[in-house]
Ligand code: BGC
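Next up is one chain by itself, shown in C-alpha cells, the form predicted alone.
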Amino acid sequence: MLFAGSLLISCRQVIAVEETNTDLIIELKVDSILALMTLDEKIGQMSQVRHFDLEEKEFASRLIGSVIHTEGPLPGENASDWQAKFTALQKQALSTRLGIPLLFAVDAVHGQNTYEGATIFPHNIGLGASGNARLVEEAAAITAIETQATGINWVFSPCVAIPYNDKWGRVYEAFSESTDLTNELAKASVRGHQGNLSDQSTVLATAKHFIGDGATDNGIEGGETSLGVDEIVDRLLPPYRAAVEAGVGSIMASFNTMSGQAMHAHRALITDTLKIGMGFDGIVVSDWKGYSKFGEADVVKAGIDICMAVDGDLDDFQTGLKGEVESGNVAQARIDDAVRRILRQKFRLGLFENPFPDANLITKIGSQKHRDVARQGVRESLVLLKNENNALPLDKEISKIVVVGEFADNAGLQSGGWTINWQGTTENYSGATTILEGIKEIYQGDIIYDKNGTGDHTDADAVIVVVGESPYAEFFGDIGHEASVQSHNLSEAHKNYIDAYANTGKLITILISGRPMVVTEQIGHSDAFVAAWLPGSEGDGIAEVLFGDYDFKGKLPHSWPKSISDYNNKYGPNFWDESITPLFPFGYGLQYKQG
C-alpha cells in the first residue's frame, strides 16, 4: 500500500508538471528512454542516411535515427507515394526495441523545392530585399506545410550567413550582407517553420552554416575564414543568437575553417560558444559526409550530434564511433548529450504521438493561396535601380511590346539552384508561371517574343530584355572555382541582347541573378533596370509591378559593385576597404511614388 500510495502521488506530481512545464516533462521522458539505450542504439540515433542508401529493413537493423532526401531516386511519383515511402521507413523504426521514430530532413531552402509542383518562393536574397519579416514568416510557414505534405518533418533552412564576397556561390541562400537585417529575418523564418512545433503542419528548422561560411577569403566555399574574434562576434554570431532565441531546433555545421581548424571539429565554437554560451539545446548536425571529411571522432567530440553518414560513410561512422567510445577517446557523456538533444526534438515535434504524415495536407501543395503569398514575395523583392524617360510603369494601352531572351520564358532559369534538382533546372517545371506568361496575363496588346535577341523588332513601343546567370548551387557557383563557369559579368550573348535594342525608346532590363553582378555598362544602356534576383515559381509577380499594379518596394540587401576591381581584395565593396565606393549602396531602391 505504501508503494501504491507513493506511485499515486508520483503520478499526480507528473501530471501537475506536465500541465505547467512541458519542457520538464519532455526531459523526464528523454531521461527514461536514454537510460534504456545500448551504445548501438545511441549511435543509431546519431546516424543520418538517404532514404535510398539502405534496404527498407536495414533502417531497423541499423537503428537509424534520421533520413535525408537529396537528389537521387525520388521517394515516389506523387506526394501520396512520398508519404507512403516515409511511412514505411517510419514503421521500420517503430518496430525496433525502443520504437524511436525517425526524423526526415530536406534542403527546402525556398519552398519544398525538391518536389515538382510545390510553391517555390524567391530565394533568401530576394526576401532580404523585401525586408518584410512578416512575409518571411508566412513563406516559411507555407514551406512547412508543403514539406510535411510530402512526408518530411525537418528542413535545413534558413541560411543565416553574412556574405562578405559575392564570388561565393551561395550568396542567394543568405538574406543580406547586413547583420541586423539577417537577425530579424532569421527569427521570422524560424517562427514560421516551427510555429507550434508539435502541430503536424510545422517542421524543425535549421540555422546554417555555423559559422563563417559566407565570410571565407575570396568567397571560396569551404575555405578559410580569417576574421578576428571581434568581427565574428559582432557580425557573424548575432543571427545564430537570434535563431536560438526564436527556438530553432537544429543548427548545421559549416565546411569552412578558422585558423586552419575545420568548423566541424571546432569545440570552442560549437560546444563552448553555441551550446554553453548561447544556451542552444537543440541538435547540431553535420553537413555532407562531415564525419569522414573533418576528423571522424573529432567532430563528435567537438559537439556534432547527428552525422550525415551518406555516400558510403555509414559503416565507418557507426563502427568507428563505437570503437572510439569503447576505447575512451569519446566520452560516453558526449554520446548521451547528443542523443538527449535528438530525443528532445523528436518529443517537441510530437513524433512519439504522431509519427506519420498527414494525408490531408497533400491538397495544399502549390495551392492558389500559397502561390499568392509567393507572388507577393516576388513583387516585394524587386529592386528598381534605374528608371528614366518614363520607362516604367508600362502603359497597358501601348501597341507593341517585345520580350527578349530565354530567361523570359523559362521557370527553371528564373528559379536558380536548389529547384527540383540540387543544381537547379534549365527547363520549365509544373505549376510555375514564367515572366513572359505573366506579361501576357496583364498586357493584351501585340507581344513579340524574341528569344534569341535578334534585334529585329525595333519598332516596338517598349522592349523588355530578361538576362541573368544560369542556375548553380554551392561551390559550382563560386566565381574562380575550378568547378564553376560563373562570372561577375553577363555572358556575351546577354550583353548583345541589350545592345541590339539599346536605341529603341523604352528599354527595360530585368536581371535574374543570385547576387549583384557587374552590369554598369548595361545599366547605362537601359532606360530602366530591375534586379529581380531568383523569383521562383511565380514569374507573374514581375509583370504586376512593371505595369504599375503595384509599386516597387525592394531595397538592395547588398552593396552593388561598379567594376570587377571591387573584388580584387578578399571581400566585396561593403567590407573594410573604404576606397571602394559601390555603384549603389546597401538599402538603395527606387519607387514610382517617392516618399
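Residue numbers here begin at 1 and follow the sequence given. Bear in mind that the values here come from a model prediction, so they are computed numbers and not experimental data.
Quick note: we don't show the form predicted together with the named molecule, though the next part is all about it.
Distance check, Tyr429 to the named molecule in the predicted bound form, heavy atom within 4.5 Å
Judged by the heavy-atom cut-off of 4.5 Å, Tyr429 is well away from the named molecule in the predicted bound form.
Can you tell me whether Phe156 touches the named molecule? I mean in the predicted bound form, with a 4.5 angstroms heavy atom cut-off.
Close contact exists here: in the predicted bound form, Phe156 approaches the named molecule to within 4.5 Å, heavy atoms only.
Decide whether Trp288 counts as a contact residue for the named molecule in the predicted bound form under a heavy atom distance cut-off of 4.5 Å.
Heavy-atom contact with the named molecule at 4.5 Å: present for Trp288.
Indicate whether the named molecule has at least one heavy atom within 4.5 Å of a heavy atom of Leu63 in the predicted bound form.
Leu63: no contact with the named molecule in the predicted bound form.
Among 112-120, 363-371, 233-241, 206-214, the region lying within 4.5 Å of the named molecule in the predicted bound form by heavy atom distance
Looking at the other structure, the answer is 206-214.
Find the only residue in Asp450, Asp298, Glu138, Glu474 having a heavy atom within 4.5 Å of the named molecule in the predicted bound form.
Exactly one residue meets the criterion: Glu474.
Single option in Val466, Met308, Val383, Ile283 placed near the named molecule in the predicted bound form, where near means a heavy atom within 4.5 Å:
By the 4.5 Å heavy-atom cutoff, the listed residue in contact is Met308.
Whether Phe175, Ser415 and Ala532 all lie within 4.5 angstroms of the named molecule in the predicted bound form by heavy atom
Looking in the predicted bound form, the three residues Phe175, Ser415 and Ala532 all stay beyond 4.5 Å of the named molecule (heavy atoms).
Residues in 69-85 close to the named molecule in the predicted bound form, defined by a heavy atom within 4.5 Å, in order
Residue within 4.5 Å: Thr70 only.
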